[in-house]
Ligand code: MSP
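Listed next as structure tokens is one chain, alone, in the form predicted alone.
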């Protein structure tokens, strides 16, 4: 059985509207998934929602709605958001689904049976807003609590704990032995620093039902519900388990009789990449590997950690009104313009800065005047001078195209998405330069130069075709439109199609239409 490339985003907590950070994470995961498919691999892309917890329960109560109905409404909003971004996800997980509850219960039952989960009393300070216990290390120097914690009260209660601390040395050795486990390397160093600094405490994994009833019941103690991280993180194995994944069913054999389609036998686990934001690094690079290891499951191969966005050099904040609404940007500029900007502007890892002027400038210079102008004038000249019929093959730009294809192929394989976009635009720039140097509009005036004009036009049309193939993972709508204008059938979704010479002499092109109309921008 062939294992599919398996990539996930973090699941989003349903306590607000989707924002720029959510959109960015989903776009980069989508590009990686499409890139793997373009490289000829089967890929499975998962995204979804985290729907349990105190904040959700309180929000539903505040609106006077049953909690399930409340999250169902929000789930519809988030699914529409994924559709608007044209994500190529294969599944959309919700933590309120029966399939997820089954997997969480199976994992907890196994860990409890082998002695990795125990009950103990806890006395400490509790942040109701953050749904977490605090220690003296979380206090400000003057003894106060940061406003992010909201109301903080002393709490005494019994809870269930996961023996996380006993696996600290094992995890440290695993990360040191696998330098690519956390990417980029400075995030890996962050995790190593955390693990080396102090002993890892056991993890409180429950809340009493009398305080929180909106959660998955602990299978061995119905007076408690599972707390967020054991619930949320387990989503990554829920979907493979529901597909009959052999690695998960071997570790959690009780699921065999519970999954709805055990004959599908799709091999997904371990995940090849978890794409997450830097704020949840500890949970994914410390808690999650230990949970999996204790459960007898293989670890994910890589955790890819992206940074945060600012706007105009300041923190994005609904309170101050300094926000970027991705839906508004897409409605005004188009989806591919949005995808291009976030990919071109920010590499995976560091923080980024969205500027409205920068967005407009990239749209005009690189999309409208760069790519759009190249495709439009190349196809228009072929219609004007050769009735839209592709002339005999020529290979003047074949070397430039091959260099770009090789770079993009390599960069997609290593998640260097910003560099891959730049490689594509190197070919765009080279082709535009080629038009300027060869001046086909002058060649067309001299009948003696007919052969030379044929060669130039072929090189331009074939470069546009190859650009469509290269663009597919990044700007799928634009790639499809270029292919359509070229009169090509199918979709340019395989890099194998980028070999030079695919444009057939005698083939008639479709009608050229502007890909990125020039416009006077209003504020995104």
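Residue numbers count along the first chain shown, from 1. Please read these numbers as outputs of a predicted model, since none were measured by experiment.
Beyond what is shown, the protein has a form predicted in complex with this ligand; the following relates to that form.
Enquirer: With the partner absent here, would 41, 402 and 409 each sit within 4.5 Å of this ligand in the predicted complex, counting heavy atoms only?
Expert: Checked in the predicted complex: no contact with this ligand for any of the three.
Enquirer: Which residue among 294, 175, 280, 212 has a heavy atom within 4.5 angstroms of this ligand in the predicted complex?
Expert: Only one listed residue qualifies here, and that residue is 280.
Enquirer: Quick one: of 379, 443, 232, 82, which gets a non-hydrogen atom within 4.5 angstroms of this ligand in the predicted complex?
Expert: Result of the distance check: 232.
Enquirer: Does at least one non-hydrogen atom of residue 11 fall within 4.5 angstroms of this ligand in the predicted complex?
Expert: Yes, residue 11 is a contact residue.
Enquirer: Is there a heavy atom of residue 316 no more than 4.5 Å from a heavy atom of this ligand in the predicted complex?
Expert: Contact with this ligand, yes.
Enquirer: I'd like to know if residue 462 sits close to this ligand in the predicted complex, meaning any non-hydrogen atom pair within 4.5 angstroms.
Expert: It does not: once this ligand is placed as it appears in the predicted complex, residue 462 has no heavy atom within 4.5 Å of it.
Enquirer: Check residue 207 for me: does it contact this ligand in the predicted complex (non-hydrogen atoms, 4.5 angstroms)?
Expert: It does not: once this ligand is placed as it appears in the predicted complex, residue 207 has no heavy atom within 4.5 Å of it.
Enquirer: Which is the contacting stretch out of 115 to 123, 140 to 148, 234 to 242, 99 to 107, given heavy atoms within 4.5 Å of this ligand in the predicted complex?
Expert: Every other range fails; the passing one is 234 to 242.
Enquirer: In the predicted complex, which residues of 308 to 329 put a heavy atom within 4.5 Å of this ligand?
Expert: Stretch hits, in order: 308, 309, 316.
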